[in-house]
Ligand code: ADP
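So this first bit is one chain, no partners, the form predicted on its own, shown in structure tokens.
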């Protein structure tokens, strides 16, 4: 797993300086790595991006590197990270991951101090708990993701207002559960809440994946008492991507009791997920019930007005960053806001690509070049078709409930919609037959094959069926937002 940002390394008192020596082996020669990358990737790429990477610290199996800006970090990790890691491993095969820290130039003057000094000067009153600031856990709280730079619109206004309320009054809504698609700003909101509340509260911000990792690690080390203490002795617990906390009954049992203990003591819990509580898979019903017991709000896809505001804001930020040298035309901004219909992250990524093109080639792209640069983003809607979306739209079309569709009943008015949904899933997604069967109440793959063949035969002799299939395909592929339920 490659992490893309790390705050200064903090450790609790039990981590002594002498243990730190265990991490210090014969350091990698970063100059050799840089020279090799210059040969492999070329002088232009090296001068534009890789030259700005600096060596900070080496641990037993990963490197901590620094870059001057978030933009450079994002560009390097998205384009060159694999090549960089491959080059590093050719010199030192023990290195299996890279972590980046953003250090502005003015900060680097102080960076030469020994990191052990940092370990010895930890403030005992630090409000962020050890689990988050551990050398095992990168700092989830990002000072650049604040309420004041979160762009709001009709699609995210409710989630934004609820987050503000929680930041002003702990336990006002408890838990607060924010859900929505990938890249819609959920993590930004959780981060903003954490930044606001950590001024006067003990805050823990952790991903569900990291929670599971800490749980398993504590069991292996026979250290569950300390695990319970970490997670139950906090004022605010923020967990990102809770949908990944599935399976593993023992871990869910512990989470359930931790959840209840925090509620009982008046601590605030904020969760994010990519789906509503009742749609979480392989998570205990009692946990889903607790999630639904507070305030559940969704972050929807941005509409045109919000997309336009986001593009304008990001363009303005980058223009300021590069001292007015980047002037993306209104035509290009309008094109991005109109054509990139996916997530906020994709919008920001589109603007970043245009800016990068401008800096590399010393010119702003015209509309034709913009289309070429963004070609893989312009048809993303087809890649975002999910089985859940297909089932929802087909149920709405045939006026039945999803429970009826997924039931074992074989009434004619249910069988045909069910077969239609299975057929559309087969032709519009890349899911395998067993995967499709699992999503349709664990039906056998032979049932899936039969359904697909039945619809194909009906299409050959029934114009109504052909018309229905075409209407449903258009709704699924091109009008997702209008048909969300």
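Positions refer to the first chain, counted from 1. These numbers were taken from a predicted model, which means no experiment stands behind them.
Beyond what is shown, the protein has a form predicted in complex with the named molecule; the following relates to that form.
**Student:** What is the one choice in 370, 163, 268, 156 with a heavy atom within 4.5 Å of the named molecule in the predicted complex?
**Tutor:** If I apply the 4.5 Å criterion carefully, the residue I get is 156.
**Student:** So which of 374, 355, 348, 262 gets a non-hydrogen atom within 4.5 Å of the named molecule in the predicted complex?
**Tutor:** None of the other options qualify; the answer is 348.
**Student:** Within 4.5 angstroms, counting heavy atoms, which one of the listed stretches 362-370, 392-400, 186-194, 82-90 is next to the named molecule in the predicted complex?
**Tutor:** Heavy atoms within 4.5 Å of the named molecule in the predicted complex occur in 186-194.
**Student:** Using a 4.5 angstroms cut-off on non-hydrogen atoms, would residue 224 count as touching the named molecule in the predicted complex?
**Tutor:** No, residue 224 is distant from the partner.
**Student:** Does any part of residue 181 reach within 4.5 Å of the named molecule in the predicted complex? Heavy atoms only, please.
**Tutor:** Yes.
**Student:** Please check if residue 173 has a heavy atom lying within 4.5 Å of any heavy atom of the named molecule in the predicted complex.
**Tutor:** Outside the cut-off, so no.
**Student:** Should residue 328 be counted as a contact of the named molecule in the predicted complex, where contact means heavy atoms within 4.5 Å?
**Tutor:** Residue 328 lies outside the contact set for the named molecule.
**Student:** Note that the named molecule is not shown here; using its position in the predicted complex, name the residues of 428-442 with a heavy atom within 4.5 Å of it, in sequence order.
**Tutor:** Heavy-atom contacts within 4.5 Å come from no residue here.
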